[in-house]
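Okay, here we've got a single chain as structure tokens, the form predicted alone, with questions on binding and movement later.
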Amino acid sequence: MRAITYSQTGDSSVLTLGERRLPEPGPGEVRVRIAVSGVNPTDWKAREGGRPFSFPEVTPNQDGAGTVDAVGAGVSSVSAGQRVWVYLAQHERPTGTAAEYAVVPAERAVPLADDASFALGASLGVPAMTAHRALTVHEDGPSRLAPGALAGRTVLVQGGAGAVGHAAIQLAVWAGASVIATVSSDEKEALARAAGAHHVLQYPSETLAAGIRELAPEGVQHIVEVAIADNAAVDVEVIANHGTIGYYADNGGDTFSAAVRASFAKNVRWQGLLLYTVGETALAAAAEDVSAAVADGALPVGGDSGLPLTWFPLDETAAAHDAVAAGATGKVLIRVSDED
């Protein structure tokens, strides 16, 4: 099979395309014939050395979609020939989705609705599951998402044109919330509105907090935060009592500060989010709810849905990683095969 690999960390030049032996699934594992591989910031950051490198050789990329090709002993959740989306394929393993086949634990290969494209499936994983976690950690809010679960609540998505922001808008709207998104340009405002945001405000702006409070006079219950270092002060100003700020990235800096009294007076919960360490219970809940949203048609991708797709062939995986590292708007995908 053709596979992208690297045997040392570094810039994208360490990625090479070669032939590798077809892997066999062990007990509790499945082999997936990959149609589309999704690229996330975590993929290029890991390749550059952001996580410990503990294997002689690694195939990158956590997310993807394709068809189950073979199942190992004890697997009953999926069967050969079934279409699936894959998440955390390369977590604590060397076998990511930038290859024609990937062997993953069976629980990380999730049935994909018949009318959902592999492009959509490969766009879920890290972004949608991170967004799900951010929306389900409020102490008085739902631990699961479904239609009506967030009814009567207001969600603020800081950075509504990114992949996580896009998924957060869609999931929150599906669950019945009123959604406010912030973006940095007219182009990104159009994307956030296409994703379904009810209100969109642009930053930087000295009146951003006032604009949010005008839309949500009692404050917002949930904040999905991509740049806590930049936005902590605004978040505290607009958060409702007992509100939760779920932050999942370090855009804008790797430290942040916030007003102590204003934070504790509102019983603010600062909730960090990382899928790698969140635990299997939370991952399973996210996978199930995200799949339900897909089946309901609530998580479409593409420019008309607020998430433009940029495609690369497998042999240009290095360029795909570079595009994500450079901040490409929307979702970067690798077409591994012509299946769909």
Ligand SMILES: NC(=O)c1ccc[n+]([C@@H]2O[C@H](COP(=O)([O-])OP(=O)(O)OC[C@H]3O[C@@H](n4cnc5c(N)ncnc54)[C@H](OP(=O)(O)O)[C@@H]3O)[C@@H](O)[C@H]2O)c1
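Numbering starts at 1 and follows the sequence shown. Being a predicted model, the structure only gives us computed values, none of them experimental.
Beyond the structure shown, there is the form predicted in complex with the ligand, which is absent from this document and is the topic of what follows.
Of the residues Pro308, Pro300, Pro41, Gly28, just one reaches the ligand in the predicted complex with a heavy atom at 4.5 Å or closer; this is Pro41. In terms of contact with the ligand in the predicted complex, the residue from Lys188, Arg153, Arg83, Arg108 that brings a heavy atom within 4.5 Å is Lys188.
Annotated contact segment (heavy atom within 4.5 Å of the ligand in the predicted complex): 243 to 251, selected among 192 to 200, 70 to 78, 170 to 178, 243 to 251. In the predicted complex, Ala161 approaches the ligand with a heavy atom inside 4.5 Å. In the predicted complex, at least one heavy atom of Ser184 sits within 4.5 Å of the ligand. Using a 4.5 angstroms limit between non-hydrogen atoms, Arg33 is distant from the ligand in the predicted complex. Proximity of Ala287 to the ligand in the predicted complex: non-hydrogen atoms within 4.5 Å are absent; the residue sits far from the partner. Counting a residue when any of its non-hydrogen atoms is within 4.5 Å of the ligand in the predicted complex, the hits in 213 to 232 run Val226, Ala227, Asp230, Asn231.
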